[in-house]
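Quick setup: one chain, the form predicted on its own, written in structure tokens, and binding and motion questions come after.
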């Protein structure tokens, strides 16, 4: 058994079995602020992330707090998936003296909020924002937690080449960094590996009529071998229905934004879609054990892996606080930035040597009969990952 595997087993046992370490007698109380979209367009991602985060934080408090020293209170603000409201929430939380800040699963509000916490030297982490430029756009106090867009795109491109796809059509939206850059990263790697881009299209976030775009794709001769997009609900279901309704049968590659019950509930038209996610709960795996525990505690199994990735964040923070011996901003920032091979439910997380977007494994799943079926789990080849 490798050292990493032993650490993972120990961490999982402590988390899943509720083993408790004795905290310091004079534990200090601190507050973590969460400015996230519990309603609105980001709710399918931020809601489950918060559910997992709260469960982990309760466990850590029960065994003595972060680093065995800091008992945590959560100050949770719903930003309604609005950037302006996220900024206001971040200002209020920073003024209240939070020691750590969580921002939404999206680049724009995370960057806006992070610029406030950066000035106050408060380490900050986005729940599942994946745009690899988030951290550089804010500064050295900003961290990601989820697989970055350029890594997801690389694994998707490698999968496309392995499947024998030689031409790809990409659909992107300029309305967000996620929906624009992820398909562009895919195209860059796909072409680098020998594929060609047969065409590209554009849409607006919230668009419901994809007739013009679908007509354009249907008219291509020859048809593309595969279609790749980072669209998510409600846009992705509308696009897929229009595409299949027009008789276009090309397979679709998607990103983690469609890792939701909406996608698996689309029926037969969703069969064959392959998309990225942070992990898959195979039997006997730490993630599988977590899913069973979560169902036992809440009465319902997680519908998405965002519950698990939200759960991982307090344990990542705990590792950093333990290393730093403090929750002082600069020291905690440095400890986070130097974490390496921290065991989590979906594998391990490394920040050392990165731009504070984590190096971690990514899973591909295929939709079959209303269920996700694992395809592969791998860490993208750093030599292929496009620069942010």
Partner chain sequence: MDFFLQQLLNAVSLGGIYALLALGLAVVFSIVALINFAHGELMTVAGYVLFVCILYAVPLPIAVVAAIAAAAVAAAATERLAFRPMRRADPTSLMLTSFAVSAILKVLFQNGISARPKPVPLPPDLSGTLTFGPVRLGTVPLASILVTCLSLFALTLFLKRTVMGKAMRAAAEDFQVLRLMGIRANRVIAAAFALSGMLAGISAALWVAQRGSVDPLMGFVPVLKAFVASVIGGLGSLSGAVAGGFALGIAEVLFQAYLPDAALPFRDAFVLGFVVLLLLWRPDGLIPARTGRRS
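Residue numbers count along the first chain shown, from 1. For the two forms, the rigid core is made up of the largest set of C-alpha atoms that agree within 1.5 Å on superposition. Since the structure is predicted, the reported quantities are computational estimates derived from the model, not experimental observations.
Form predicted together with the partner chain: not shown, discussed below.
This chain is displayed without the partner chain, yet in the predicted complex the stretch 299-307 from 299-307, 140-148, 99-107, 115-123 comes within 4.5 Å of it by heavy atoms. The closest non-hydrogen atom of residue 259 lies within 4.5 Å of the partner chain in the predicted complex. A residue is said to contact a partner when one of its heavy atoms sits within 4.5 Å of a partner heavy atom; residue 44 meets this definition for the partner chain in the predicted complex. Contact annotation for residue 247: at least one heavy atom lies within 4.5 Å of the partner chain in the predicted complex. Although the partner is absent from this view, residue 39 contacts the partner chain in the predicted complex, with a non-hydrogen atom inside 4.5 angstroms. In terms of contact with the partner chain in the predicted complex, the residue from 234, 288, 84, 272 that brings a heavy atom within 4.5 Å is 234. For the options 163, 216, 192, 293, the one in contact with the partner chain in the predicted complex, meaning a heavy atom within 4.5 Å, is 216. Looking at 197-213, the residues that come within 4.5 Å of the partner chain in the predicted complex, counting any heavy atom, are 200, 202, 204, 206, 207, 208, 209, 211, 212, 213. Core-superposed comparison between the shown form and the other one: CA of residue 225 displaced by less than 2 Å. Annotation: Cα of residue 81 displaced by at least 2 Å between the shown form and the other one, core superposition. In the core-superposed comparison between the shown form and the other one, residue 136 has its Cα shifted by less than 2 Å.
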